[in-house]
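Just so you know, structure 1 and structure 2 below are the same protein chain in two forms, each on its own as structure tokens.
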Structure 1
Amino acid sequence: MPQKTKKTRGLKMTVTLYTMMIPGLIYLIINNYIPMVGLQIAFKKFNYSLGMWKSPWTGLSNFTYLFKTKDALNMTINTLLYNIVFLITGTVFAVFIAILLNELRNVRAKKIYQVIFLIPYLISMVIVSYIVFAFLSFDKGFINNSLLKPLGLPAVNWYMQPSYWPYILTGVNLWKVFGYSSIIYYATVIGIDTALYEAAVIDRADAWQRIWHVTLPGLRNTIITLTVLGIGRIFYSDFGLFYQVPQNSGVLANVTQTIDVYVYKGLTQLNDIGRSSAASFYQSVVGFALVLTANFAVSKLDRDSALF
């Protein structure tokens, strides 16, 4: 009887958990799996009058065009290099902030800093573009009028100078996303067994030694997980960052054109759904391959740190 009661309770708990999962599962199917039917557009010459199902097949011609266009190499390199820089700088800075928060003893100050750090992540990229414009505007921008002018330096037309924008975009991206990542790392830090820190103190380890030998090893799995997930999206880019922040300036196209920007322009300017779909399909396949490759490499180094 007790065994039967135990099984009944376990069944009820399982049914409850699966019932709670249903809304999320429905959303996942509708939002992520049903649209996969549209992948066939990447292999068709889409015709609005015929629709998705009756449009003629073109094989790999959309992909051939994508790789033959003069912008293909440039936008691929931009997407890849920007994301590598974003991944490295974002991880290092977020871990740094998480460690600083952990070392801060004032609980109220910790909460205030966390809110301040998180606010940029919650701001729309449209608003961010206006904030950046307020700093970089040639006529009324803060940098030209409040920094360069008092120093007797000539004003810079930032939106006409491509050489500055790799640094500007990296800084804007870091400012916007590090707060969210730092909170994730901070949540991991506070979960580290305090006995490890106590043992380090007994062994006369100073603050830097405790960080190096206790905190960073405790963050290892979280860093690996987020890095592998970041690698999976290394061929994707924040459309708002590369399109809205530079104000879609044609002069800056060589340093701001990414695959996502190309897809948008393909839809709005060229009205070519087939080639735009091919670019998106290319992103997905490469991203999937990179996740598998990165996870395989991690599993060879440390099986317990791999995602699967």
Structure 2
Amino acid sequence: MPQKTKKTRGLKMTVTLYTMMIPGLIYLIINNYIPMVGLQIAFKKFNYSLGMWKSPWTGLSNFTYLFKTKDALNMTINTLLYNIVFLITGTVFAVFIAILLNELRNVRAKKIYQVIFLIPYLISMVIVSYIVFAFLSFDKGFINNSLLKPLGLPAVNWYMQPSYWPYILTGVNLWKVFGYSSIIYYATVIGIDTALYEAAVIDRADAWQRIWHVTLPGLRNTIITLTVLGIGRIFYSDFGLFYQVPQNSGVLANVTQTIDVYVYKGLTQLNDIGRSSAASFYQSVVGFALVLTANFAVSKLDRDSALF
């Protein structure tokens, strides 16, 4: 008898919980699953008057422009390399900042730093592009006028020198995103059991050893999760960063052209919905495959660290 009541009670509790899950599920279905029906547009010649279902199929012809030319190869390589560099620099720097924040004892200062670090993340890329312009403008920029001139060095026409831009873009990206991820890492760091630190102190570990043997292992899972998710977006690029920040300067195209920029420039006049969909279809399918591969690799090395 008591067994049964317990069971029904358990069932009742589960029903309640599942009921509460429904809004979230519906949100997911409407927002993330129903739009997937639109993936078919990537394989169609979209016509507004016929609508999505009646537009004629065109096979894979919407995809060819992404692979046909030398520029297409260039943009794929750019997208990949930039994202790899962004992932590595972003993670290393954010973890570094998170650890520094943790070592800081002054609570007030800690909060002020967090806010300051987060501000760039909240600024729109268009504004960032003007901030960068204020630094790099040839005639009026800060670097040419206030740094190079007093040092007696010749002014540099930044928007015409492709060789500087991989560094500039990496720097801008790092400045913009590190605050956000460092706060995620910091949240993990303060969640690490303080008993571990106490034990380390008793074992006479110095600060460096505490970081190396306690903090970093504690961060491992978060780093792996964020990195695997980052790999999933490795074929996407921040359009604002690569289009607005270089002021769409054509001379820089070889180092600033990513998949998104190429698609934008190539299709704004043609307004070809099929081809634009094909580009994001390609980006997400490759990203999905990479996430699976990365997760598989992680789970081979260490079952517990894998995402799923």
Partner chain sequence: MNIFKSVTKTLAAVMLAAMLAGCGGASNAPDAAPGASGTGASGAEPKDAVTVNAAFLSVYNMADAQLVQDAMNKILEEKYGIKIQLTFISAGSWREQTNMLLTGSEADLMTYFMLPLSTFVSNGQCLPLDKYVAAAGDKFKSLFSPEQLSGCQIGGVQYAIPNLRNYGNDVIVNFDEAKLEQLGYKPEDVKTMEDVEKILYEAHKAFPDIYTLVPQASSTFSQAWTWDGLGDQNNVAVIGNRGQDTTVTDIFENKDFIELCRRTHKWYEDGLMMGDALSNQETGTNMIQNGAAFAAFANSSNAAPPAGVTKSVIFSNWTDSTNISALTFGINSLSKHPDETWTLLEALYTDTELMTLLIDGIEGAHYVLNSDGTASYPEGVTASTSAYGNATVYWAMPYAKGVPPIVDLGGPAFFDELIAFNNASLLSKGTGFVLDTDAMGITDEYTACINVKDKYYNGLMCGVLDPETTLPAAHREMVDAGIEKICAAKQKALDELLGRI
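Rigid core (definition): largest C-alpha set, two forms, superposition within 1.5 Å. Source: prediction; values computed, not measured. All residue numbers here follow the sequence of structure 1, with the first residue given the number 1.
Looking at both structures, it is structure 1 that matches the form predicted on its own. Taking 2 Å as the criterion, Ser276 counts as shifted between structures 1 and 2: its C-alpha moves by at least this amount when the rigid core is aligned.
Taking the rigid core as fixed, one finds a CA shift for Ser249 smaller than 2 Å between structures 1 and 2. With the core held fixed between structures 1 and 2, Phe296 has its Cα displaced by under 2 Å. Superposed on the rigid core, the forms differ at Trp53: its CA is offset by 3.7 Å between structures 1 and 2.
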